[in-house]
Each structure stands twice: as C-alpha cells, then as structure tokens.
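Single chain ahead, by itself, as structure tokens, in the form predicted on its own.
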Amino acid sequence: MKILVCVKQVYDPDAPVRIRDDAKWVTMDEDAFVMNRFDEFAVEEAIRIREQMQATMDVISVGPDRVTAVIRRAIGMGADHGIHLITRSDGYQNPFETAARIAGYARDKSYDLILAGVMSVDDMNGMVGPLTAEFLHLPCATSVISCHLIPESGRIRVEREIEGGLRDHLELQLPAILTLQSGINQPRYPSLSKMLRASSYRLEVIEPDSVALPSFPLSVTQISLPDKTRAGRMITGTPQEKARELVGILKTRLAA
C-alpha cells in the first residue's frame, strides 16, 4: 500500500499579524510558522496504518522554501519520504492551484490512499482535499473521525461527522482521499533519532514550471481587521458597588 499525506505550513495562530500597506496580504514573523494542526492527525493516522500492514508513506507540501520545516517534521514523526512542491509566491495560496499541483504530482504515482487534515487553521476553507479528489476523479470522504481498511476487498470503511451531531458510515473503493477531523487519534511527537535523520534527508523538490496549471480566477482583493462592534465598559467603585452595577447592567440587557 502507498499512502500520501498532504501537510500545510501555517502561521502560528498566537503570533502577531500585521496587514501590509497594500492590504493584499499580511506581514508575518518568519520564525512563527508551524505544521497545520489538523494535518498532524493525518500524519499520525498514516503512521498507524503503516504499523498495521506493509505500506510506504510519503508526505507532500506546497509552498515556498520555508515549508521544508513541516515536511521534515512529518519525516521525524515517521514518514518515509518528503516531497516539496515549490511556489514562487509567499502570499495567499489559492486552494484550486494547491490541489491541482498535488493532483498533478500524485496522478501517476499509484497511491492507494491520500490523507489530509479536514481544513487549515489559517484559511479554514476545507477545499484542498475534495478538490484534489475531483482533479484525480477519486472517491472522497471529509471530516472523518475513524477509518478501517479492508485489504481483502480493496476498500476502506469510514465514519464521518455531519451536521446536527449525526454520523455518516461510508465504504469507499480504493484509491480514495480522506480529510481527517481532530480527535481521530493522538499525534505523536517526533523522536530525536528520526528528527536527526529528517534534518539531513534529501527531499524531492518539484519546481513550479514542471506542472502545467489551468487558470483559476480566485485572488485576494483586500484584507482588513474586523469592525469593532462593542466597546468595553469599566465599572468603578467598591466591590459592592461594582456588583450592584453589574447586576443592573445584566438585568437591562436581559430585558432588552
């Protein structure tokens, strides 16, 4: 079995972000990038599948030079091979182009299973996994919370979250693509020995011009901070006075 895991490098949600003067993107600290949290579950699930049966596991990421850090982290967690699809832009990554590039690489590699996180913590659009499946004409299940391979029939049984607290139970023919929800497993920390191997591992690098991409009419027109809709109110006085005023405010709000 061959498994491909898609990982994304995202900006640390706790790090400061500044909007650029042209309002087209943001300025970010180069040292504040991390692996997308949802993709960690995909890496871990692929490792667990490989531990149960004979399989090879590749990890792939799209982005500028700095994304090699998350590829190497995935290798440190247990991946066998890393692929870096280089982009020249360090700004917004169009999900259509990202999915097209992943699909272009994977199309002739005979992967049995492609895994990704359900979404990225920066864009939160959840599009890359399903779009990759569409480009490759493969069955796809999103928001998967458990999966079980059935090797004898070449299928995979999955359980996925849907709205209203309900669950879907599906059986997909391999090859297939799954996007995994948080909580499906507990991602492991990279071991020191594997991180030492990952630091010197020679990644497979794919240049931008090596993949022909169609034109996707999607771009960022403007970025702005959300409007401040409510102002804070300071309550002064003794603790008793503050309590009485707070109770009065709450009664007024509840009556409104």
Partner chain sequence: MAQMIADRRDIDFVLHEQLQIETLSKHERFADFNKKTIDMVVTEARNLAVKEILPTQKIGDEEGCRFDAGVVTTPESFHRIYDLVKEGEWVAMPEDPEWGGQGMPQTLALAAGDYLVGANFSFMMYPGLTHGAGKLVEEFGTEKQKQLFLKKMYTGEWAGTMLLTEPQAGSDVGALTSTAVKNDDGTYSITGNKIFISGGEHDLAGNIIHPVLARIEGAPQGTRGISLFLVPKIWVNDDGSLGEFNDVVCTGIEEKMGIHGNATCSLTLGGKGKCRGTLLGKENKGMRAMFLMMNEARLLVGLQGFTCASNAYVNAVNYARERKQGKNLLQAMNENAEAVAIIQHPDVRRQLIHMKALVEGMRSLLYYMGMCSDQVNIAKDEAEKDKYQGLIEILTPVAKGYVTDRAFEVCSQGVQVYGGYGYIREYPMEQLMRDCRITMIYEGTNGIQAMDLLGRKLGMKKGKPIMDLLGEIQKTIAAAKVIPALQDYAVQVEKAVNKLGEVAMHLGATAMSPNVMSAFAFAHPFLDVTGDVMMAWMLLWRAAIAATQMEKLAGSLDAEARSKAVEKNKNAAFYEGQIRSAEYFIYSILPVTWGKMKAITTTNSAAVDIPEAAFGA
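Numbering follows the first chain given and starts at 1. Because the structure is a prediction, the values reported are computed rather than measured. Think of the rigid core as the biggest set of C-alphas that the two forms share within 1.5 Å after superposition.
Quick note: we don't show the form predicted in complex with the partner chain, though the next part is all about it.
S.K.: Since the chain is shown here on its own, which stretch among 218 to 226, 54 to 62, 41 to 49, 191 to 199 would lie within 4.5 Å of the partner chain in the predicted bound form, judged by heavy atoms?
M.R.: Every other range fails; the passing one is 191 to 199.
S.K.: Taking a heavy atom within 4.5 Å as contact, would all three of 123, 125 and 244 count as contacting the partner chain in the predicted bound form?
M.R.: Answer is no for this spot.
S.K.: Is residue 232 one of the residues lying within 4.5 Å of the partner chain in the predicted bound form, judged by heavy atom distances?
M.R.: Residue 232: no, not in contact with the partner chain in the predicted bound form.
S.K.: Verify the contact flag for residue 68: yes if a non-hydrogen atom of it lies within 4.5 Å of a non-hydrogen atom of the partner chain in the predicted bound form, no if not.
M.R.: Yes, residue 68 sits close enough to the partner chain in the predicted bound form that at least one of its heavy atoms falls within 4.5 Å.
S.K.: Answer with yes or no whether residue 31 is in contact with the partner chain in the predicted bound form, where contact means some heavy atom within 4.5 Å.
M.R.: Judged by the heavy-atom cut-off of 4.5 Å, residue 31 is in contact with the partner chain in the predicted bound form.
S.K.: Can residue 73 be called a contact residue for the partner chain in the predicted bound form at 4.5 Å between heavy atoms?
M.R.: Taking the distances in the predicted bound form, the answer for residue 73 is yes, it comes within 4.5 Å of the partner chain.
S.K.: Residue by residue through 12 to 33, which ones have a non-hydrogen atom no more than 4.5 angstroms from the partner chain in the predicted bound form?
M.R.: Counting only heavy atoms within 4.5 Å of the partner chain in the predicted bound form, the contacting residues of 12 to 33 are 12, 14, 15, 16, 29, 31.
S.K.: If you line up the core, does residue 24 shift 2 angstroms or more at its C-alpha between the shown form and the other one?
M.R.: No, its C-alpha moves less than 2 Å.
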